[in-house]
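Form predicted alone, single chain, as structure tokens, below.
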Amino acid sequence: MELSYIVKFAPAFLKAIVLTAELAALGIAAALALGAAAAVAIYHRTPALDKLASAYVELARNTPLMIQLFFLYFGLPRAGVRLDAATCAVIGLAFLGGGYMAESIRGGLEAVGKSQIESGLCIGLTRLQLMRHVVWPQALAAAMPSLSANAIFLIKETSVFSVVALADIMYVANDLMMEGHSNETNLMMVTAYLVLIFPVSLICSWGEKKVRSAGFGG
């Protein structure tokens, strides 16, 4: 184990961590928005949209991110649509993650008791007020553990971004592997993912505890 090698290439891994974190944050935020929209369409059985949302969820959850990235980066240019690697990464992560987020949010929505919805309507709440003050707080609380797991899963999935030549953690690691020093490279790669994922895990755990202490989620 050569410490000098680690010191020399640590800045490259730091840059890769920052890039991966930025793309993951954008992808996860978009996945949450997409998942929420799909979950609402399915939950409310919105005509036509619910079937479209269900089809999207099945497609997103049953196709690997690598295949989606290949389609976006290598397939779309054949149709005259060219996207840069970072955009493809964010869209791919959002598309994949949206399917998982949708199922988590839908499960949370369906976990809210019908009696609470009926009680809210009886005291004069509008549908919008009911969703805002009764349904969504409890639904998100119930879905929080699953949403947290999905977020961490999506961060791990960024390891395939290297297939579209993005200088993420895995791309840098693969480059250095070719130069030898595999032990040092593996150590830096594992450390990089730990630095990226561990704080997110802590934040998610903190969020779940705050939700439980607030009285939501059972």
Partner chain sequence: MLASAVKVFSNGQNFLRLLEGLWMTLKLSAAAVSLSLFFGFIVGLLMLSSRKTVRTSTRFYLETIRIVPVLTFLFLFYYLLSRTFKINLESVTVVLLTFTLWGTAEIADLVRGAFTSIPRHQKESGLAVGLTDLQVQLHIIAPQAARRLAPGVVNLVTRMIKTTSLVFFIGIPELVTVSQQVVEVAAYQHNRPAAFWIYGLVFLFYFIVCWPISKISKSLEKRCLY
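Positions refer to the first chain, counted from 1. Only a predicted model underlies this, so the values are computations on that prediction, with no experimental measurement involved.
Just so it is clear, the following notes concern the form predicted in complex with its partner chain, a form of the same protein that is not shown.
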Problem - Contact check for S159, V163 and S182 against its partner chain in the predicted complex, heavy atom at 4.5 Å - result: yes
Handout entry: Residue (of A37, L52, I67, A29) lying close to its partner chain in the predicted complex, criterion heavy atoms within 4.5 Å
Key = I67
Exercise for the section: Name the stretch: of 134 to 142, 84 to 92, 114 to 122, 71 to 79, exactly one has residues whose heavy atoms fall within 4.5 Å of its partner chain in the predicted complex. Expected result: 71 to 79
Handout entry: Partner contact for F198 in the predicted complex: its partner chain, 4.5 angstroms, heavy atom
Key = yes
Problem - Contact flag, V190 vs its partner chain in the predicted complex, heavy atom cut 4.5 Å - result: yes
Problem - Any non-hydrogen atom of A151 within 4.5 angstroms of its partner chain in the predicted complex - result: no
Practice task
Give a yes or no for R61: in the predicted complex, does one of its heavy atoms lie within 4.5 Å of a heavy atom belonging to its partner chain?
Solution key: yes
Exercise for the section: Scan 88 to 105 and note down the residues that get a heavy atom within 4.5 Å of its partner chain in the predicted complex; none is a fine answer too. Expected result: F95, Y100, E103
